[in-house]
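Shown next as structure tokens: one chain only, the form predicted on its own.
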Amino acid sequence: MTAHQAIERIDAYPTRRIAGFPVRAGRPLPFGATPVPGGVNFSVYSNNATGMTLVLYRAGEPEPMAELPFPDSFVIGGVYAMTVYDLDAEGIEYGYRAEGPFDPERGHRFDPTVVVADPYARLMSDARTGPRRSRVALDDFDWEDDRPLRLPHEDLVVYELHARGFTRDPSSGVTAPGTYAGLVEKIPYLRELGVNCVELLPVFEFDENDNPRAHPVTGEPLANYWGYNTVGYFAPKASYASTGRFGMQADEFKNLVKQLHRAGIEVILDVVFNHTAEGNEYGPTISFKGLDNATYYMLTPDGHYYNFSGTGNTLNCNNPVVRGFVLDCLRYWASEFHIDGFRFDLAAILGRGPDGALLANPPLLETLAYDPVLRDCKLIAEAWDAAGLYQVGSFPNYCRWSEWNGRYRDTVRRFVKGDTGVTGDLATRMVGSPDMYAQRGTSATVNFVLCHDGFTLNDLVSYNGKHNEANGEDNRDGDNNNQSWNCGVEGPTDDPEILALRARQMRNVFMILLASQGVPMILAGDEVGRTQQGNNNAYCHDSSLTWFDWSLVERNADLLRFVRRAIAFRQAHPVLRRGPASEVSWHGVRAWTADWSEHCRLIAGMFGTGAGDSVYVAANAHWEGHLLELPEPPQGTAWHLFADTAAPPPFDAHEPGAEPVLPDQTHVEVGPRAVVVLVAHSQADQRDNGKEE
């Protein structure tokens, strides 16, 4: 008999019976429900509770099968821990009744009539098939040789998608629409597109039915589609799994990660630690509010909720206990699910202290930056919050955090629609925004023009204003500052000239984004011109309005082909992904003479001025074309044409490595509202590749 087996025998020995079950004092750590030899160890924290009861259910049944109060001898510090034997771990659900004062002015909201969820629950039951309860997870998934990919951050092309909406539409043709398994079937599409990182909108358990509003015309209930209202931080969303009703959502999600990794695609999760689904004093009691409200939430001196998130409450992230909770959660997803990184919703809140004041050295952000388990994970901040704190360029980074670059988004939008006074700023954004990230390099800026929150790309060039009437808020919701332009007609049109202009504008956005230093992020569906009919806040629609319409893959094949080639071109040219801004030269109508004046709508940059990789990008937002004098390419090379967004498909972009030589090596014409991209190749290289056109 080994020493290890001897320890298990001691742990497996119950010391008493409670409610008919053999039990013994449990282990305080780890928190949550953990299978142990012969039983399950339950551990839950509350600093202010006066008593705690474990409530056990047979899976799916409405009434408890047993309630087990924790004896005083099972409490260490603020932790209630008990090992219960003779349990079928896969056949039970559980929760807690926490006793304590109901004294909101002091921050306490205990209510033992409510069975609350375990904040550390590794699984939660599928709410579509019964009451939402905590469940025990088994760790028996075979990862084989999988591990996080550790791709260099600056080499990523991020693709932001909704795990359900990506395949929920019948046009997806997958066997399990709207699920992790369905997404696995679309991995070949992602590979062909060329992206190497997917950023998933929230997949932590949330309640898609917690939206109280109804469609103003049909009267149908509106949904919580995006999922930024977390219920279970350790639990993958059950309804996104084809096997969720059988409690297999963790395995199905792990298989998704494994298959994406096999395809060379990293997985970043969009996580929400700024608030929870419990809302303010009028919201439901789900877990934190009933277990220890005063610890988990930022509260005013009279016990009300600070609301820096715009959703009613703010998680008290820099309380040491809550800090530990966030760290435990991210470590769990990184180690148990092999997640490659995290994007933090309204991350500026994570830098606020318990009273909401901004901290000079936020301990949570520093802890995450230096955590050994998270060392290789990408950490991406949405560096603002709903209370006006805007930290783009100044987010506490510890040389680890990168940021969604909101200034990049705004500048590109303004330039493409033809605003004046932004040419100089566009040049700064295209070289990795060194005014904000010079010390951190191009991996610090995640460049994006569109994301889930706002217009799609098609709508950016089709609508001057938002059209959110279907949200039931009289079009008051959503951003009013979209920097969009409808190209002459608001919404759908059959005018071929306007449709051609819109198509060119979409190509312009893609080409500028993929030719900029920094990490580009693409919104899923923009590569095929997906529309939300002008709705720029479609959080509440789980319908064809928000789902990926796969018929667009064929209908807008020209745009898709252009985007594929633009991504491949970026991957073929390191000068577009990294390198100092000083190695980029700027030009205008005359070579080596950029026009930085207020009225100018034209900019040209040559990336890489040495003998190696060299790319020339000219962007013209003027409604007239211009003939540009070209700088000489590196010695022994000639300019070749990769892309001209004014050219008709398929001549708007060529296969990378097979670009035709530019007939006139001294000048190039850039059309009205168009982008031209040239690349320097030696003639010998072209002949060797056998691809010269």
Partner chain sequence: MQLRTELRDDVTIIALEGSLDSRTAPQVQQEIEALFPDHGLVLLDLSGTSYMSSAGLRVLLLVYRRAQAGTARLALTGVPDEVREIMAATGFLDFFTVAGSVEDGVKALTV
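Predicted model only: the values in this text are computed from it and were never measured. Positions refer to the first chain, counted from 1.
Omitted here: the form predicted in complex with its partner chain. The next part is about that form.
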For Arg245, is any heavy atom within 4.5 Å of its partner chain in the predicted complex, or not?
yes
How about Asp435 - does it come within 4.5 Å of its partner chain in the predicted complex, if we only consider non-hydrogen atoms?
no
Look up in the predicted complex whether Asp494 has a non-hydrogen atom within 4.5 angstroms of its partner chain, and give yes or no. no
Note to self: Using a 4.5 angstroms cut-off on non-hydrogen atoms, would Leu138 count as touching its partner chain in the predicted complex?
What the structure shows: yes
Of Glu366, Asp251, Glu281, Asp103, the only residue with a heavy atom within 4.5 Å of its partner chain in the predicted complex is Asp251
Answer key, its partner chain contact in the predicted complex at 4.5 Å (heavy atoms) among Asp88, Glu598, Glu220, Asp355: the residue is Asp88
Per contact check vs its partner chain in the predicted complex (non-hydrogen atom within 4.5 angstroms), the hit among 293-301, 141-149, 578-586, 549-557 is 141-149
Taking its partner chain in the predicted complex and a 4.5 Å non-hydrogen atom cutoff, the residues of 149-187 making contact are Ala181
